[in-house]
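Have a look below at one chain only, the form predicted on its own, in structure tokens format.
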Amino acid sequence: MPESKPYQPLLFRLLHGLNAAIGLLAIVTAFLVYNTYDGRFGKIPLPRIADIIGIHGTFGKLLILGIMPAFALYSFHAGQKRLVQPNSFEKLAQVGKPIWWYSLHQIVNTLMLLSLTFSIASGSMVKEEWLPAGELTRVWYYLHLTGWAVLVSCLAIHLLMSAKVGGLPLILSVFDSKFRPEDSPAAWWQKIRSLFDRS
């Protein structure tokens, strides 16, 4: 694989892909819940889906019970360079330069993780019976709705920043099925064993 081609670690691709897929389904079903039971800030005439609240909740549980924590753990350790750095805000002074875009991308990546965590946490406090009963002024529902709006905004900016920083090659690199020998699943087990051997 050419060195000039962007390369993403296999574990990152798998966790990022699962997190993104389930996260997108949670975002879409969240809008359908809002569209069905609320619609105060705009509404689209869509057919009603039975138990859409339960479907949305299922995606939320999938995220909180494994996918999101695993991805966050990876991001704050092996993928730390993709997140905000101690000097990221200082580099924002270099407006228009490549480092400005890269630093902004790091900040947005971090905001995405935080907003997703906030959305999951606030969503876990929302009761399924509130919206069907017309209880739309509950604090936890407002917080969850706000978290959803921030998350959607961060996702849009994340995609724009990815296109700006690395262009199409960077975006396509997360879908690449090839991986380097040292990045194979077999190597993961060896690395885990080496950690225990040193302890």
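Start at 1 with the first residue shown and count on from there. The structure presented is a predicted model; accordingly, all values stated were derived computationally and were not measured.
Same protein, other form: the form predicted together with a small molecule, not shown, and the subject of what follows.
Q) Which residue among 49, 157, 70, 171 has a heavy atom within 4.5 angstroms of the small molecule in the predicted bound form? A) That would be 171.
Q. Applying a 4.5 Å heavy atom distance criterion, does residue 124 contact the small molecule in the predicted bound form?
A. Answer yes; at least one heavy atom of residue 124 falls within 4.5 Å of the small molecule in the predicted bound form.
(Q) Under a 4.5 Å heavy atom criterion, is residue 102 part of the interface with the small molecule in the predicted bound form? (A) Residue 102: yes, in contact with the small molecule in the predicted bound form.
Q | is_contact(residue 189, the small molecule) in the predicted bound form, heavy atom dist at most 4.5 Å | A | Contact check for residue 189: no, nothing within 4.5 Å of the small molecule in the predicted bound form.
Q. Looking at the partner-bound form in the predicted bound form, is residue 12 within 4.5 Å of the small molecule by any heavy atom?
A. Taking the distances in the predicted bound form, the answer for residue 12 is yes, it comes within 4.5 Å of the small molecule.
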